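So this first bit is one chain, no partners, the form predicted alone, shown in structure tokens.
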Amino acid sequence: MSALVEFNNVTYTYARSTKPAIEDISFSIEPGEFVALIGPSGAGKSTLCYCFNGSIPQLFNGSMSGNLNIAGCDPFEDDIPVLAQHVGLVVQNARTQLFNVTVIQEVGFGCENLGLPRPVILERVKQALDFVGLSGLEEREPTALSGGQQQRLAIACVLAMDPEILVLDEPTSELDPIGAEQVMDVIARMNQELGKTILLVTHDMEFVTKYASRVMLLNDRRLIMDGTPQEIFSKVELLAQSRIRPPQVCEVAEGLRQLGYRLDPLPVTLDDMVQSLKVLRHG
């Protein structure tokens, strides 16, 4: 299977900056993967996200080197409207992406810009709102929605355009626990039921272990680890150097390891821990 996304030695420096925001970044993502991108504030995660939809290098001033292939497109050459057919980007504060008078107008806006026929637009809007759980709110003003509803509306807007890749930059950071879980449930279903490729930026390690099959750790502008949740969260010292606190289950597991208990592979979810403890009890 050929990679859907390829970064080869990508470096980007914002205008008026003396240091790169990301430096010598190389990785590939296969179709249908759910990848979590983690790292401390200022590591370059948002910059990396903007490379996916062409905002970098086309909208931001700065210098860029390396090679990118995003769903067969080259962000150096292909216009942002072309990339928008393949990549949907949802930022941290959904309110900054919402500007239409009603929910139905908001979701249909991107499809209209793609020049789709009206019957197709209406069907896609209906399907997207059904999927994110906002059916019945078509005539509601987006500003009247709750924070979680606004975030799901932003997801519906890109979902209606049917991109292969969805990039979500801290989509739950401003939400209460219930709203965050609702948003994450939608994201997980997009991956599992629709086969969408997901890149999720988050500081919530519990969400990482629950939903992601792969984790990339970015620190000091560089990609320093790339692997499964078990592989990443077993590197306790390296995580500490990157100012990343592992999930609580991993911290407990590491404590048990230090006491001499053998836990292999490292439990990263509560269910994993329960199974590991059953083996210890009967071993």
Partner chain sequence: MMNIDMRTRKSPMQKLDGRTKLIALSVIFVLVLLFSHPAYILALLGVVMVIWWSAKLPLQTIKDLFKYFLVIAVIILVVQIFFYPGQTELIRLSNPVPAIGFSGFITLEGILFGVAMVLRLVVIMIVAPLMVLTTPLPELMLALVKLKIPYRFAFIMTTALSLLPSIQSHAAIIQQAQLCRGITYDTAGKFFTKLRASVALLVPLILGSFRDSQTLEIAMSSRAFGAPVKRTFLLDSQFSKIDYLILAVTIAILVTGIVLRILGFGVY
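As the structure is a prediction and not an experimental result, all values here were calculated from the model. Residue numbers count along the first chain shown, from 1.
Beyond the structure shown, there is the form predicted together with the partner chain, which is absent from this document and is the topic of what follows.
Of Met161, Val186, Leu134, Leu145, which residue is found within 4.5 angstroms of the partner chain in the predicted complex when only non-hydrogen atoms are counted? Selected option: Met161.
Establish, in the predicted complex, whether Gly179, His203 and Phe207 all lie within 4.5 Å of the partner chain, using non-hydrogen atoms for the distance. Not a single listed residue reaches the partner chain in the predicted complex, so no.
Region of this chain that lies against the partner chain in the predicted complex, out of 77 to 85, 126 to 134, 190 to 198, 170 to 178 [heavy atom, 4.5 Å]: Residues of 77 to 85 come within 4.5 Å of the partner.
For Cys157, is any heavy atom within 4.5 Å of the partner chain in the predicted complex, or not? Heavy-atom contact with the partner chain at 4.5 Å: present for Cys157.
Touches the partner chain in the predicted complex: Cys73 (any heavy atom, 4.5 Å): Although the partner chain is absent here, Cys73 would stay clear of it in the predicted complex, with no heavy atoms inside 4.5 Å.
Tyr211 versus the partner chain, in the predicted complex: is there a non-hydrogen atom within 4.5 Å? Looking in the predicted complex, residue contacts with the partner chain do not include Tyr211, since no heavy atom lies within 4.5 Å.
With heavy atoms only and a cut-off of 4.5 Å, decide whether Glu138 touches the partner chain in the predicted complex. Residue-level check for Glu138: no, no contact with the partner chain.
Are there residues in 42 to 79 with a heavy atom within 4.5 Å of the partner chain in the predicted complex, and which are they, in order? Heavy-atom contacts to the partner chain in the predicted complex: Tyr50, Asn53, Ser55, Leu59, Phe60.
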